[in-house]
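Shown next as structure tokens: one chain only, the form predicted on its own.
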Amino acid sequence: MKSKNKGLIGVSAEAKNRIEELSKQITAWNKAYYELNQSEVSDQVYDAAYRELIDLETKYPEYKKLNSPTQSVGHQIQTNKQNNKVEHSRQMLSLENAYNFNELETWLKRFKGEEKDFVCELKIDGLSISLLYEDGHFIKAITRGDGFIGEDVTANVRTIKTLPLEIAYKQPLEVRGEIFMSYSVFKTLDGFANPRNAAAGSLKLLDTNLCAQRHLSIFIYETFKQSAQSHFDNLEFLKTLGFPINPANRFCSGLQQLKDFCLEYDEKRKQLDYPTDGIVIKLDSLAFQRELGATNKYPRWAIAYKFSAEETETQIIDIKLEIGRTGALTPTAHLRPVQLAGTTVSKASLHNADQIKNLDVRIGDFVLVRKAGEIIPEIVKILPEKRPENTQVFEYPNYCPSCGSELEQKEKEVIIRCPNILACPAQIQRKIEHWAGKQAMDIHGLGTAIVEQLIENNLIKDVADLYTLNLEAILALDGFKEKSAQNLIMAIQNSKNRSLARLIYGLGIRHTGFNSAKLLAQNYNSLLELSKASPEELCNIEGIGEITAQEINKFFAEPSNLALIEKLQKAEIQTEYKITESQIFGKFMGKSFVITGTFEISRENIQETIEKAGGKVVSAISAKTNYLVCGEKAGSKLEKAQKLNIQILSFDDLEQLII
């Protein structure tokens, strides 16, 4: 008997140690996720540890601490001078998870076999936000934080174009939603592990103009309206006010209908342009929701069915440094090819030197790989128990592997760069590849292998040299015959007349993506005119932030860039806003338009209508603006136009003017 008691004491002590160990680890993971926007482990690893802690605390309640991570939502946030702490009027809860249909069925049994109506919605992988409106005006945005206190991020949330700043509802209103970044926007950024991290980092930027350039999106999923009878009615009410509601929602009753919806979107999510990691299932009846209530962490009337994030094991066979067009060195892990989410993966970005150091990634390591946001392969963690003997810590070089220049790292930057912008072969190649890309000059057939040959044979040193190539030079390259050589020459020559927006984007100015290039082309008639713009003037363009303005100014102050533009002009590249004959004689010739609000047709179609009649569409209202084309839910631009006595047109008015 004494021996048995001794054994029980040993088990109890072991449980206490394990609870302390798990609590410490989960708290650290929470801190990284909610405060630093870094996912140190996969959802599966986190949830397995979290469940183990719950089981142990249930079995050994005497060791459960008041500050256990199972008793809180998220993590206590850190604030800066701009983002102040704000207390939520009602706690922002998390959601209980189900990872398979057995767990979902167990959850349904809580309702004692009664057939209830549920609303199924996509679970967007972003950041929860609370939005406050008073007298029909948006006044405040608060992050979830620890569920009780969040950060005030109102200024940055105002930059989300799909969010109405004014609504036709004068009573105080709180709505909640999820802020996210689309895959198409995420692809244009560097330095982020996944769309969620990019969205979180963007929302905390001190420069709201830079945040606006990140093109964040939002879906609203909840409001608190006392007169409503059902959750679905609330969603319909929010739609009428102009809030963006995710269209993928459905009434379901019983396990089979819930399973059908989950299976349907487990497949459909692969075609969506935004990250979703599961299905949120909510009881539709608000009265029954209130009756069930919540724990201190979860509502009892809702659950999240989580899609399984596909991960697989492979081995790193090499780590190579790739040099971008701006000289940034990006480490890439070369992997033993493995099937992942329907594709063969042989590479994974390691982002920067800090990530290599934090993960302690080495050549030869066995690792878990997953697709971040179902798109970009990333290394989740190494498997130290499988590490081969004699592996070496990976060290960054001191000199550029392409040109031998000493590498540089500016203060407060994590990126290491090669400063040799004029003669580094790798940078030259990336700049030319960018110039030839579809969104830039769209030179069909000018791929990586051909650009590499052109540089190695000293046929080109910059993008302007492309336009001096002749048939004989192309035929001397590997793999070319007369027809293919003629096609490439023709594709290069045809690129001379691309739009000004494509040309600006093709120049590869730092922090100037294609959307920014379009804004610049709308506001300036030529590269020469753009080159003379001051940073202050550029910042007056809605959508151009201070950092982008400074980089544009810096680009045109660089003598080598001015020399390149002169070479492009000599090669007869179109560097001015090109006006067609129909535009010259159009009714809107010389007239400036701004478009605001929502329309039944796309803004692109409205812009095309104006431009075909000779007009020009710009982004910002000024005294030089001739017309404001105004749709529904117009905001500050309408007020400014009225103050400046600018003529305001509906789309019907616009069409009548053209006739």
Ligand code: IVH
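Keep in mind the model is a prediction, meaning the values are calculated, not measured. Start at 1 and count along the sequence shown; that's the residue number.
What comes next is about the form predicted together with the ligand, which does not appear here.
I'd like to know if G324 sits close to the ligand in the predicted complex, meaning any non-hydrogen atom pair within 4.5 angstroms. Judged by the heavy-atom cut-off of 4.5 Å, G324 is well away from the ligand in the predicted complex.
Using the partner position in the predicted complex, report whether D284 sits within 4.5 Å of the ligand, counting heavy atoms only. Because no heavy atom of D284 falls inside 4.5 Å of the ligand in the predicted complex, the answer is no.
Examine Y265 and determine whether its closest non-hydrogen atom to the ligand in the predicted complex is within 4.5 angstroms. Y265: no contact with the ligand in the predicted complex.
Can you work out whether P299 and the ligand are in contact in the predicted complex, taking contact to mean some heavy atom pair no more than 4.5 Å apart? Residue-level check for P299: yes, a contact with the ligand.
Would you mind picking the one in E151, D365, E121, E378 that has a heavy atom within 4.5 Å of the ligand in the predicted complex? Exactly one residue meets the criterion: E121.
Check each of S349, S202, S128, S402 and return the one that places a heavy atom within 4.5 angstroms of the ligand in the predicted complex. Exactly one listed residue reaches within 4.5 Å, namely S128.
Can you pick the stretch from 522-530, 550-558, 536-544, 216-224 whose heavy atoms fall within 4.5 Å of the ligand in the predicted complex? Among the listed stretches, the partner-contacting one is 216-224.
Quick one: which residues from 623-651 get a non-hydrogen atom within 4.5 Å of the ligand in the predicted complex? Read in sequence order, no residue approaches the ligand (within 4.5 Å, in the predicted complex).
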